[in-house]
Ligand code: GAL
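The chain that follows stands alone, in the form predicted alone, written as structure tokens.
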């Protein structure tokens, strides 16, 4: 199985943690369809930790919690599939999940078999309780082989937090995406920390095995499991979504989509920004300019020949950026000018020759898409 674009969907952990059940998952499935999320590309509905009983059955198989999921995972998967969605579940490479439930160490082929029987389409595989004597690379390779031989296409999401130099070996495992960071929290410092990690590893991203910067916190507003009192503002959520989209991270919503504000939906469902994340060429970005205060300008070449500018001001003061087209390799001798569009405002900014100057306020971002026009 080859995954050509970063997966998009919804995950239960950031808001609900252990407070999950069949009714909630069905409600989320309904909302993903009825509120337009599926139409925007959010197709995976993923149940995170705390879904199983604390003991395997006599055959060594995982058992769904009888209270939370009385009809079992096969029936729930069938419901999710009936909505046109794909269904995901959670385990760990270690002896236990992060919350202390049975995990997949030395049960990889058994678990892959039952996940296939249930109709699972996506497996998030965490890194907790990994035996110190075992290499993480070997454990992910074993699960990768188990899934590849289970008779069903199942996306493998390797959640190893970037530990043990994940970036150096993850593409050997059969994983389709890999977590490059620790857990996100609903505050701007957390977003800033995860963004800064990318500066040292962005070149390891790529088609088939996408760099996962963790699930989205857009719209959490301080609520839920990773909510904070000093939660992000709407503008900071927009910056967060801009960064994840620019770097091509999987987009997994973590907020409660049953109760979203219009402002939150406008961020999560901006199709022009989502198209950045889902651009088929998936070319490596490069850093064009950096300010000591923490503001950067990145550039990415898109499939159709457009140029994308990502302005990210993680600092506390507004910064102005003069962009010289010569620094893009577009000297006057090329005979081209740039027609610019602001993807968040949905506005054409005009046609520019040689230079473009813009200011970026603190904690904000701009995504500017440029079309090359012959003079």
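Since the structure is predicted, the reported quantities are computational estimates derived from the model, not experimental observations. Numbering follows the first chain given and starts at 1.
Unshown form predicted together with the named molecule; subsequent notes refer to it.
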Is residue 13 a contact residue for the named molecule in the predicted complex, using a 4.5 Å heavy atom cut-off?
yes
Given that the partner is absent here, does residue 215 sit within 4.5 Å of the named molecule in the predicted complex, heavy atoms only?
yes
Residue 126, heavy atom within 4.5 angstroms of the named molecule in the predicted complex
yes
At the 4.5 Å heavy atom threshold, is residue 98 in contact with the named molecule in the predicted complex?
yes
Each of 30, 45 and 256 within 4.5 Å of the named molecule in the predicted complex, by any heavy atom, yes or no?
no
Which one, 310-318, 47-55, 32-40, 327-335, holds residues whose non-hydrogen atoms are within 4.5 Å of the named molecule in the predicted complex?
47-55
Let me know the one among 140, 90, 241, 178 whose heavy atoms come within 4.5 Å of the named molecule in the predicted complex, would you?
90
Between 79, 282, 169, 161, only one gets a heavy atom within 4.5 angstroms of the named molecule in the predicted complex; which residue is that?
161
